[in-house]
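Presented as structure tokens, the chain that follows is alone, the form predicted alone.
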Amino acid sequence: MKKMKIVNLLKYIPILIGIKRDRDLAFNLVVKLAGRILPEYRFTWPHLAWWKDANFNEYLHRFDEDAGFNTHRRWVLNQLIRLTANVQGDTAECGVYKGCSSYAILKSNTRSAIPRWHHIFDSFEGLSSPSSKDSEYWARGDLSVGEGMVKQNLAEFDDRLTLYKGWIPNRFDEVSKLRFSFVHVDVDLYQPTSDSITFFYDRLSDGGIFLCDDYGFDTCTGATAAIDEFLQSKPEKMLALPDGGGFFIKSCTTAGK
């Protein structure tokens, strides 16, 4: 049956090639084809101006993400950090992977009139062991990237950052006396997400932003639960983003869901 469906879909390829210059017509055909395979998938209109932003695309290309699935999340991070231009405090990231998000944060820091240092926390051994509060999607060691690659990718900012190698939250105490304007958490699992928001919440300056890359993914139910549990008694609530992430602004009272 599946083979028959694929064969039937292949007959549309010459049509698609023939109309490739008509973007709307081609897009509508792609949607119809995909609907046969993934009927629950929701497409985005292909008319978004930021897709053609040269500087942003150059940034994506640097990390080989221009054709990946994270472009919306990268754009959101680049936009949200602009809200912290006049917020006092350093920046931090928990879970750096290859350094793409930290690169954007550091780039923003170089343009800021407020002197800022960037603090990166990562095991450089991939994810820790999932708990019973996490989905079965992840396993210990997933998303492992070596410290050397991150240092190489962020080399131009070497005089503006510190890498803290170790499992979260073991090295948080080293920055316990600092204030933060922007914190990005991308650790996918319940416990390290809980540890991160618990530590950084009180150290976020008023107007500072806490952005969780994993909030809203059904593969990261533990991370979502950790955030919601912590904010239950707080005036701020997480704003879920259409890219699968979420954020809140410190001291900005937010209506519940």
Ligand SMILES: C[S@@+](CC[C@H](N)C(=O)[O-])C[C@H]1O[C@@H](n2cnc3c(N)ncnc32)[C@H](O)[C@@H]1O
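Start at 1 with the first residue shown and count on from there. Bear in mind that the values here come from a model prediction, so they are computed numbers and not experimental data.
What follows is about the form predicted in complex with the ligand, which we do not show.
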**Complete:** Among 106-114, 173-181, 154-162, 91-99, the stretch whose residues bring a heavy atom within 4.5 Å of the ligand in the predicted complex is 91-99
**Partner contact for R74 in the predicted complex: the ligand, 4.5 angstroms, heavy atom** = yes
**Request:** Check whether P192 has any heavy atom within 4.5 Å of a heavy atom of the ligand in the predicted complex, and answer yes or no.
**Result:** yes
**Request:** Give a yes/no on whether F124 approaches the ligand to within 4.5 Å in the predicted complex, heavy atoms considered.
**Result:** yes
**Message:** Can you tell me whether L83 touches the ligand? I mean in the predicted complex, with a 4.5 angstroms heavy atom cut-off.
**Reply:** no
**Prompt:** Would you say all of L143, G166 and D188 touch the ligand in the predicted complex, counting a heavy atom within 4.5 Å as a touch?
**Reply:** yes
